[in-house]
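Shown here is one chain on its own, the form predicted on its own, set out as structure tokens.
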């Protein structure tokens, strides 16, 4: 699936749509350059799960947990990770293989620990098409009725 958004509100709405469809045990890998809207997308995703509190990028804590939605959300930001072994220290396996949903920003930095089956989301901007233009590509979404 590919979507074009032309405002932060549209990026939020796409995240919201995917959050509403998200199922327990899914892992979303969210990649894109700095400033493309990963946090806005994540805020929409959390809203789609029914999480009402503030959602910010957990840059200095690596993972932020939100329990108040219809499913737990484990929001990872691995941008500042020095070594993949830091993921062991925070107990990533409990999140990856639990009953919640994982959303991992900068997942391309930890490919060796990602499960085979993930949902990949790539956000790209193109300033020639406008400041708020975003192309958002989603791969690996299960078909309707598939878990």
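Just so it is clear, the model here is predicted, and its values are computed rather than measured. Numbering follows the first chain given and starts at 1.
From this point on, the text means the form predicted together with a small molecule, which you will not see here.
Just one stretch in 111-119, 36-44, 85-93, 60-68 has heavy atoms within 4.5 Å of the small molecule in the predicted bound form, so which one is it?
Heavy-atom contact with the partner occurs in 36-44.
Look up in the predicted bound form whether residue 140 has a non-hydrogen atom within 4.5 angstroms of the small molecule, and give yes or no.
Although the small molecule is absent here, residue 140 would stay clear of it in the predicted bound form, with no heavy atoms inside 4.5 Å.
Does at least one non-hydrogen atom of residue 132 fall within 4.5 angstroms of the small molecule in the predicted bound form?
Yes, residue 132 sits close enough to the small molecule in the predicted bound form that at least one of its heavy atoms falls within 4.5 Å.
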